[in-house]
Ligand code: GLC
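This document starts with one chain, in the form predicted on its own, laid out as structure tokens.
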Amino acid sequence: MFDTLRNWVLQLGRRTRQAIAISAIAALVAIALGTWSVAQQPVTISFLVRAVEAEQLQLLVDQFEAENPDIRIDIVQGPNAADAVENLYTTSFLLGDSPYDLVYADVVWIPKFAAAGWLQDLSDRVSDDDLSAFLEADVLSGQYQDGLYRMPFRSDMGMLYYRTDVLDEIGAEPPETFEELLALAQQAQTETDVTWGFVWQGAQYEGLITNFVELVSGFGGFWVNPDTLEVGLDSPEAIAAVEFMRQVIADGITPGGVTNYIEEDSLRMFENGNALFLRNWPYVWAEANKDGSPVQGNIALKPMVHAEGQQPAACLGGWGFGLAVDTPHPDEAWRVVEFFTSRQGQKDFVLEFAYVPSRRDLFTDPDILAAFPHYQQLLEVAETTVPRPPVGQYAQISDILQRYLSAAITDQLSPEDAMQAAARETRRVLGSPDNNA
């Protein structure tokens, strides 16, 4: 067959053979140029973000792309509700071939996503020395079993805000214990024009959980031990936490409508001058101090109060980056993570949008303190943070606790009955032994 083909080629005219050769060379050049052109195209790294934060993150996107022309970042804008964004990520992974290279993740998503095998273990990409620069709780919240699945970008923590002018009026210092908060709240309601002593978030949603986490820790209890899966919801400390939530409503320290409050509702009550104490997140500072606010310049913050002999606790929130397990560009995606979570990246983001960094030394950075003097106080709160249980079944156990906490503070069940029922259901989900068995 080879001889036949050779003879056929030799029988062709010289010009014809030249034309064939030229065509072959041209084809090879075209292929080479096409390959070179494809190789020069920037790699695109994609991730999904809440719409409100997508616009803010563009600051760092522009900086990164200017320094890394071989990589483009595609931020996909999602809904503003965090749980809706989580559902979109979940759906994309369940359907397979997810379009996202990175996961911009809330702290409570990591156990679920890691357990499902949707995230890469980052342990080999970052050293213990690198991680030591971050707040310890932020690092722990990115771990699942023996792996690291999330790099911290910005932190968040619950805290207690208070009116300095009202405390000055009644000649009091900020409270340290639950008893002191109750006493000062009632005194202010009696002796000043403050209507309510203490506002917080009591609607049946994740915000109710964060309030409970701080209270139960402040009483010396716990929700779930992630190492042993022991459930502490029916302990005396947990019941005491729920009794406190119901007591402030029953005593008129907290408005009855708090059972429908989310963050913005309680903030509005506080910034309008109608409350002495507020439990909320760091973003409140800028909101309550904006021009025209009745409490501008008259607020301060501190760690949440606690029981006598116990320690304060701030429920950990915040966001960070995970690496999707099936991304075709893991190294390029990691470069994005490194840039966003770097000291300079976080500093630029904090200075522009007043978010809380996850790097410890930024709380005392001179430039940041010049813009936001209260960050010195934020560090005190940050050092008291506690995470929600890092278990793969977090979504289920959160739903259980939300339902029973809501039933208790709306007088459908007693705190003891509600917590006993919540503990039983939580143990069934986790496969934990029943303490009463």
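In this text, rigid core is short for the largest set of C-alphas that superpose within 1.5 Å between two forms. So that there is no doubt, residue numbering starts at 1 and follows the sequence shown. The model shown is predicted, which means the values in this text are computed figures rather than measured ones.
Unshown form predicted together with the named molecule; subsequent notes refer to it.
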**OP:** Name the stretch: of 315-323, 181-189, 239-247, 362-370, exactly one has residues whose heavy atoms fall within 4.5 Å of the named molecule in the predicted bound form.
**Re:** 315-323
Original post:
When you measure heavy atoms, are 82, 156 and 205 every one within 4.5 angstroms of the named molecule in the predicted bound form?
Top reply: yes
Original post:
Quick one: of 118, 219, 349, 281, which gets a non-hydrogen atom within 4.5 angstroms of the named molecule in the predicted bound form?
Top reply: 281
Subject >> Single option in 235, 327, 210, 341 placed near the named molecule in the predicted bound form, where near means a heavy atom within 4.5 Å >> reply: 210
**OP:** Please check if residue 271 has a heavy atom lying within 4.5 Å of any heavy atom of the named molecule in the predicted bound form.
**Re:** no
Subject >> the named molecule contact at residue 263 in the predicted bound form, heavy atom, 4.5 Å >> reply: yes
**OP:** Indicate whether the named molecule has at least one heavy atom within 4.5 Å of a heavy atom of residue 106 in the predicted bound form.
**Re:** yes
Original post:
Would you say residue 379 moves between this form and the one not shown, meaning its CA shifts by 2 Å or more once the core is fitted?
Top reply: no
**OP:** Examine residue 141 after superposing the rigid core and state whether its CA is displaced by 2 Å or more between this form and the one not shown.
**Re:** yes
